[in-house]
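Starting off, we have a lone chain in the form predicted on its own, written out as structure tokens.
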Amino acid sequence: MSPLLCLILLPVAGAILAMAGFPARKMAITAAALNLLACVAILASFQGDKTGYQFLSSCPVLPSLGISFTLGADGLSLVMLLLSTVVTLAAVTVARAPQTNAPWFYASLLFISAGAIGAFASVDAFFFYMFHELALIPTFLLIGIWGSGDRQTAAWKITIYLAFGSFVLLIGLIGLYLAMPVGARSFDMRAMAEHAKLGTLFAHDTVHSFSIFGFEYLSITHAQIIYLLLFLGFGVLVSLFPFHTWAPQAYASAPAPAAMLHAGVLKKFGLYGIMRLVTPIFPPHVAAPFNTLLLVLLLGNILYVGFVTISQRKLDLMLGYSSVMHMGYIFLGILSWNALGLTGAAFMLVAHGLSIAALFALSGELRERTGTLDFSEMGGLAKAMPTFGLLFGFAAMAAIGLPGFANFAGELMVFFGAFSAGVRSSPGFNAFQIATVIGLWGVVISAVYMLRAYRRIFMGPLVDRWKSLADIAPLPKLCVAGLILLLLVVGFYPQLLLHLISPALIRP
């Protein structure tokens, strides 16, 4: 059996045992812990001096259509698998069993993990897509059944938005499949990249012209149409501006473990998909006409959503908008289309996943203890919960991008990569450089809303009603401290991940 298949089956087995009547929490934690150990073992046996996928296994499903259940991992895949298993263990450990249907609650968390792991381990684009769709089902259930606030509206909103994004993405994947030579069509990502390298993908590309009353207003090639479909589909799934409004409300309404898994892991599917199915396949000249538009959209994530984040009065909504805002940085690195920017974007996938998971875990703990996350009702909690306040401070500093944390290293690579892309594209101060300079202000915006939130929650006089609050329990403390420790280790020694990520992002 492929070791990657074990990573998918272990959480599924834990979910089945939980639903069968075994202690749900114990089954979830055991399955997540075993999965993390298995992932570390796979990582230890990975041969970093070799390029391409390793641990390959394939089972034909529809050979006539070129669909096979193919699993494999390169450095980028392994980093995302490690992120998935780490956040899963943290999420199921900090999760508090609901009063109703606890086995199904823990099973849903494990099914999200299995879907994300299956997507990151898939080499076939069809199963890459299907695993993500399967992971969305328990996400909707967790929000709609066990969420808080206006959970039904949030569940329906995320369903509609992500269904639209998935539909657009599916059309793009089918278009990419049909662009391959007849007789050699396959959903295998390696085959797609190879045909792109040989020039047989879009070999007979045609120009589509659109006109009104005889006046032509748009000419676009078939390759550019598919590029836009893929980018739009993935962009909606990642909450690219202006398709971002589903995310903050969903995260605010979701149980903390569900928010940890979706914002920290599953949301990275779209960005990972762009790195797998867009940047290796489409040459820069196909994307170039749309760079300015996409730069404007990602600046919407950084600036517009950033200012909206500052205006929030509740911690859960602030963290939700913060997560959306930071997606703009990763898009900036991807659009740079060079090794430095792409590496920084991939690095930020891990850094953001760990930091936002830690913040949502602490937010969930705070909600459970106080029953509210409204800033106006907080104050002085560092006196009652000093360890909690210390952990939140570290997680907040990581999210801001303080030097020493992994987020800082990722942002640095993204900004340098994007600025250098602008230098090479044309002389003078151009769109990439302007976007990079404007995007830098996002760091200031992040500091404003995060430090203000910390001051309102933990500083000042202690509110009387919170004087009896106990500090954070040992198990959640250990989980959050572990996430922060990983951010520090990778931040001080980025090469731990870079030697895995960089070879996987080399264009064919």
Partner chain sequence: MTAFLLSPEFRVVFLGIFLLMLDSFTKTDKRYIAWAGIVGLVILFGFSFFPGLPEGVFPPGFYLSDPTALFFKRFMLLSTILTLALALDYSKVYQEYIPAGRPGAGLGEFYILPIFACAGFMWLVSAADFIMIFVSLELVTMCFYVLVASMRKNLLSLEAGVKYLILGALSTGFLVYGITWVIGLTGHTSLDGIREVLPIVPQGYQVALMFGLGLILVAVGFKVAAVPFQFWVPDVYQGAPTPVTAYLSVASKAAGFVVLMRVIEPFLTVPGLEQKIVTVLTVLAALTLLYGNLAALPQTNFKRLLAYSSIAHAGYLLVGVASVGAEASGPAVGFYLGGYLLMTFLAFLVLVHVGRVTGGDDISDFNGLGRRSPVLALGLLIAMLSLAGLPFTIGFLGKFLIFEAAMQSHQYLLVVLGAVTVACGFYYYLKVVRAMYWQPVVAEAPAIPVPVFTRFLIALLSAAIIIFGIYPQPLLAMLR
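Positions refer to the first chain, counted from 1. In this text, all values refer to a predicted model and were calculated from it rather than measured experimentally.
Although it is not shown, the form predicted in complex with the partner chain is what the next lines describe.
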Of 328-336, 178-186, 390-398, 71-79, the segment with heavy atoms within 4.5 Å of the partner chain in the predicted bound form is residues 178-186
If the cut-off is 4.5 angstroms on heavy atoms, which of these, A102, L303, A191, L170, is the one near the partner chain in the predicted bound form?
L170
Considering K383, R367, R96, H222, which brings a non-hydrogen atom within 4.5 Å of the partner chain in the predicted bound form?
H222
Please run the contact check for E133 against the partner chain in the predicted bound form: heavy atoms, 4.5 angstroms, yes or no?
yes
Give a yes or no for A38: in the predicted bound form, does one of its heavy atoms lie within 4.5 Å of a heavy atom belonging to the partner chain?
no
How about T159: is it within 4.5 Å of the partner chain in the predicted bound form, going by heavy atoms?
yes
Flag Y129 as yes or no: does it have a non-hydrogen atom within 4.5 angstroms of any non-hydrogen atom of the partner chain in the predicted bound form?
yes
Contact check, 13-39 vs the partner chain in the predicted bound form, heavy atom within 4.5 Å, ordered by sequence, gives none
